[in-house]
Every structure is written in C-alpha cells, then in structure tokens.
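Here we start with a single chain on its own, the form predicted on its own, put down as structure tokens.
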C-alpha cells in the first residue's frame, strides 16, 4: 500500500515504523515497517492475517488514515565494502528501504531471502533491479536452496573478511537468534530488527520490552533495530 505521507516520508529512515489507526479496530493501532520511501510517499508491505490488516486491505484509493510516525530507531547505515541483508518471510519488508539507501554508499550488497515455500518468497526481483546480489532459500526446496536462509548466510560469511562486512537482518525471532549466533561466530557486526507486539508505539506502556545485556528495553522506542550482541533472544 502506498501512502502519501508528506513530512513523515521526508524524515523517515529505514528500520523505523508507522503506527496506523484502523477505523474498524479503534483500540489499538497497528505497526507497519517502512518498505519504501520516495518523494512524499511511503510504501508499506503486509500480509492479511487478522481483522486489522483485513480492514486495511479494504481501504480504497484516496482514503485517509490516522498515522503516527516515523517511530523507533532504524538501521545505522555504515559505508563498508560488504553489506549483507537477510530477511525471512514478511520480515523482508524493511530491508528493501535499507537496500535503496545502501545503493548510494557504493558498496557490494548481498540479499538473502528465506521463506517456507516458493510462493512465499518476497521482493526477489525488486532487490535484483537495485543491483543487489540475491540468493533465496525455501524450507521445502521449491525455490532456491532447500533449507534455511541462515544456511546461505554461513557460506557467504566464510568468504568475506569480518572487518569489511556488516550484516542486517529482519524476520521471526527464531531466525534472528540464529543470525545473531552466526554473526558472533564470524565476528561480523550485525543489526537486527525485532518483531514484537507493539501497543502504544511511544514507549509508555512497556508492552514490548525485550531482555538485553544491560536490562530490559522497549522495542517501539529504543528499537526496533538493535545490535545483535545486545539482545538476549530466547532468554
């Protein structure tokens, strides 16, 4: 969905999110990653999985939405030779905006996309059009390499010097935990975007806290992007 977001689009950064109020669901807003920003527009990318996204999908062109944003802390973009992006499922959404920003840093960008089946692989052609080197993995082997996206990641990191490589990831927490482990073993700097249930979106309700090496932190205000060695996933 493309939103004419005015000033929000001009100041938004990859990795941040919008908090959208959906008329049919008056009590809680819904968080959506920034998939793409251009001119005064922001694109969001989502699956219809519940009443909120179902109602959003029925909005017609020209409809108005009540939006808060941009919220949270996004990816820290660094100019380094090898940029590796890995996303699983709908978690690939914020990585496209990041890839568009990285293209301007004159780096080599590798994108790894994982999904359960070929039908669920997202944005493969879009990343390729940006000039990224794209590799895909599906759990059932119907597209790309059979297995997990992290299997491809392990092979790629073996061929890259740690001091000239940075890793960015977004997706399910189980995948992020493995990405963090692989990055630690390879001594590669890594940033991860967490998927948590976000209620207020501004850090007031403490409903999205996660355990970190320095105590609990709020995903909506101190994240959703964190350094991978900071987060204690599964703890």
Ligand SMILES: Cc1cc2nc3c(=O)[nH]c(=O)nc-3n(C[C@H](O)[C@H](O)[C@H](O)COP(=O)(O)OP(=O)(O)OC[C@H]3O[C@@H](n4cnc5c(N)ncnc54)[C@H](O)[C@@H]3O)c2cc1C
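Numbering follows the first chain given and starts at 1. Everything numeric here is computed off the predicted structure, so don't read it as measured data.
Separately, the form predicted in complex with this ligand exists; it is not shown, and the next lines address it.
Engineer: From the list 59, 47, 174, 181, which entry has a heavy atom within 4.5 Å of this ligand in the predicted bound form?
Structural biologist: Contact with this ligand in the predicted bound form is made by 47 alone.
Engineer: For residue 169, is any heavy atom within 4.5 Å of this ligand in the predicted bound form, or not?
Structural biologist: Contact with this ligand, no.
Engineer: Is there a non-hydrogen atom of residue 201 within 4.5 angstroms of a non-hydrogen atom of this ligand in the predicted bound form?
Structural biologist: Contact check for residue 201: no, nothing within 4.5 Å of this ligand in the predicted bound form.
Engineer: Is residue 37 part of the interface with this ligand in the predicted bound form - any heavy atom within 4.5 Å?
Structural biologist: No, residue 37 stays farther than 4.5 Å from this ligand in the predicted bound form.
Engineer: Tell me, yes or no, whether residue 99 is in contact with this ligand in the predicted bound form, where a contact means a heavy atom of each within 4.5 Å.
Structural biologist: Residue 99: no contact with this ligand in the predicted bound form.
Engineer: Each of 14, 76 and 103 within 4.5 Å of this ligand in the predicted bound form, by any heavy atom, yes or no?
Structural biologist: Negative, none of the three is within 4.5 Å.
Engineer: Go through 193-220 residue by residue and record those having a heavy atom within 4.5 Å of this ligand in the predicted bound form; state none if no residue qualifies.
Structural biologist: 194, 195, 196, 197, 198 sit within 4.5 Å of the partner.
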